[in-house]
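The form predicted on its own is given below as one chain in structure tokens.
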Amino acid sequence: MKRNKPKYHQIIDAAVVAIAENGYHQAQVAKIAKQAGVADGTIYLYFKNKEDILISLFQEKMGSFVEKIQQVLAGKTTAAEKLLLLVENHFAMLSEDRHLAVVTQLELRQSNKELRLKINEVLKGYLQLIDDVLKEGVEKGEFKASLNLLLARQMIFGTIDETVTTWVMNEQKYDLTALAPEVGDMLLNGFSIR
């Protein structure tokens, strides 16, 4: 019910900015409230604590991203095309919201073990998308039948994730989305001359 209210999303968006600019540990609830333009107490009508804000933020952003990707992939006929679109959209989403890129690539990683487990739970929907593309590629004969799906998924997600992290660590000085075709090509074709 709370998620349907405008202030919920206002607080989520404010939390992305406050955490990106101050770091998770320095982004007190008061800073998030100020960024959102609400009273400190209003935060607690929607969230239990700062950790709940961080998890909710990731659920909201990742949930909407997975929905968007599903729509983009619908109707595409090849697994290769779907994989390329997945890379392009991942890079585009974070390029368009640089604060979110800082939060997902840096701040979520500094959290405690319990928080990381909750974040990993949220990530499952995205990883399932990758799995589905890989399985489809194997079933249609685009990818080799002996493909280790778990390892392939780890390589895809790890490559995408590390590419974004490097971009964030380099203060986002170059065009991340321009790298998508090359990253996609390397994932699909490797390095060897055929």
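Just so we're clear, the structure is a prediction, and the values are computed from it rather than from any experiment. Start at 1 with the first residue shown and count on from there.
The discussion below concerns the form predicted together with a further copy of the same chain, not included here.
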- Pick from T42, T159, Q128, Q28: which has a non-hydrogen atom within 4.5 Å of a further copy of the same chain in the model of the complex? T159
- Message: By the heavy atom within 4.5 Å rule, which residue out of K144, K135, K48, K34 makes contact with a further copy of the same chain in the model of the complex?
- Response: K144
- Query: Is L179 one of the residues lying within 4.5 Å of a further copy of the same chain in the model of the complex, judged by heavy atom distances?
  - Reply: yes
- Message: Check Q59 for me: does it contact a further copy of the same chain in the model of the complex (non-hydrogen atoms, 4.5 angstroms)?
- Response: no
- Message: Since only the chain is shown here, I'm wondering whether P6 would be in contact with a further copy of the same chain in the model of the complex (any heavy atom pair within 4.5 Å).
- Response: no
- Although a further copy of the same chain is absent from this view, report whether K76 comes within 4.5 Å of it in the model of the complex, heavy atoms only. no
- Among 34-42, 65-73, 144-152, 48-56, which stretch has residues whose heavy atoms lie within 4.5 Å of a further copy of the same chain in the model of the complex? 144-152
